[in-house]
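One chain comes next, on its own, written as C-alpha cells: the form predicted alone.
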Amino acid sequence: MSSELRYTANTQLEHLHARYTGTGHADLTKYDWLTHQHRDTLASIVGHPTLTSFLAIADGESIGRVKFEMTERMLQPCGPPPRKDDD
C-alpha cells in the first residue's frame, strides 16, 4: 500500500510541476525561483485592470505606459543571470 501511495504522490507532484511552472523542483536555483516570482507578480498586475489603474494613478502615468513597462520588466525582472562556474 505504501508503494501505491508513493506512486500517486509522485504522479500528483509531476502534474503540479507541469501545470504550474513556477512551483520549482530540486534543481531550481535561487535566481530562477526569484525570476518566476517576479514574473508572476508582474503578470498579475498587468492582468488585473484595477491594480494597473492604481499603479498608473500612483505614478502619474497612463495605464498603457504602466502595462508596457511591466511587460518590458518581465524579460529580465531580476537582472542578467549569474555566471555559472564550470569547475
Partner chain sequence: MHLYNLTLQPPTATTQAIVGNFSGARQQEIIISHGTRLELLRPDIQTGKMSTVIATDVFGSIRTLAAFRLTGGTKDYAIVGSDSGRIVILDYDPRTSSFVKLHQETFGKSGARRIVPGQYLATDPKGRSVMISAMEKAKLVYILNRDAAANLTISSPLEAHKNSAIIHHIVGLDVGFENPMYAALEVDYTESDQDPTGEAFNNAEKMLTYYELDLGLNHVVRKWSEPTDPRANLLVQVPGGQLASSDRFDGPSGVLICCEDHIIYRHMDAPQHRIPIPRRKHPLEDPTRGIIIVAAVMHKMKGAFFFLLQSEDGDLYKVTIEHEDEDVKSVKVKYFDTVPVASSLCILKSGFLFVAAEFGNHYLYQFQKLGDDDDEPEFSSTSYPSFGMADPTVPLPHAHFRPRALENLVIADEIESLDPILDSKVLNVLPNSDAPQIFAACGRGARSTFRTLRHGLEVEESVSSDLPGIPNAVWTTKRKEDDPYDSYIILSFVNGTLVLSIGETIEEVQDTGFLSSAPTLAVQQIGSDALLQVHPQGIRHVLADRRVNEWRSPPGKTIVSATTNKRQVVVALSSAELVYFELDLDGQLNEYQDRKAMGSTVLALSIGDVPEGRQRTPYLAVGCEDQTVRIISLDPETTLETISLQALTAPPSSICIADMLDASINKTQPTMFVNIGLQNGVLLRTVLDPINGQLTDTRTRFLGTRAIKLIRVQIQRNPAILALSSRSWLNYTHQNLMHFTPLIFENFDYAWSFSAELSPEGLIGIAGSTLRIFQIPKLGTKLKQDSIPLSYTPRKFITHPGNHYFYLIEGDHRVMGEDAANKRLDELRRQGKNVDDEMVNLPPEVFGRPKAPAGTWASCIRIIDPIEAKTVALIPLEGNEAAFSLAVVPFSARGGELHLVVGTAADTFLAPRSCSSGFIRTYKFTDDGAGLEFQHKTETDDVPLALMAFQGRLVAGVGKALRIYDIGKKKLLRKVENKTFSSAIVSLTTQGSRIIVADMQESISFAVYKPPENRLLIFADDSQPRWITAMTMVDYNTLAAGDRFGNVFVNRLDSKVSDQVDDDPTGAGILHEKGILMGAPHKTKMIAHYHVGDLITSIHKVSLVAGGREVLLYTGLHGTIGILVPFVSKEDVDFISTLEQHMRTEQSSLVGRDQLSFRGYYAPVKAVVDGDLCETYARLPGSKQSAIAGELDRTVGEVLKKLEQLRVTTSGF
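Computed from a predicted model, the values in this text were never measured in an experiment. Residue numbers count along the first chain shown, from 1.
In what follows, reference is made to the form predicted in complex with its partner chain, a form of this protein that is not presented.
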Verify the contact flag for His48: yes if a non-hydrogen atom of it lies within 4.5 Å of a non-hydrogen atom of its partner chain in the model of the complex, no if not. yes
Should Ala18 be counted as a contact of its partner chain in the model of the complex, where contact means heavy atoms within 4.5 Å? yes
With heavy atoms only and a cut-off of 4.5 Å, decide whether Glu14 touches its partner chain in the model of the complex. no
With the partner left out here, check for me: in the model of the complex, does some heavy atom of Ala58 sit within 4.5 Å of its partner chain? yes
Who in 55-78 is close to its partner chain in the model of the complex, meaning a heavy atom within 4.5 Å? Ala56, Ile57, Ala58, Asp59, Gly60, Glu61, Ser62, Ile63, Gly64, Arg65, Phe68, Glu69, Thr71, Glu72, Met74, Leu75, Gln76
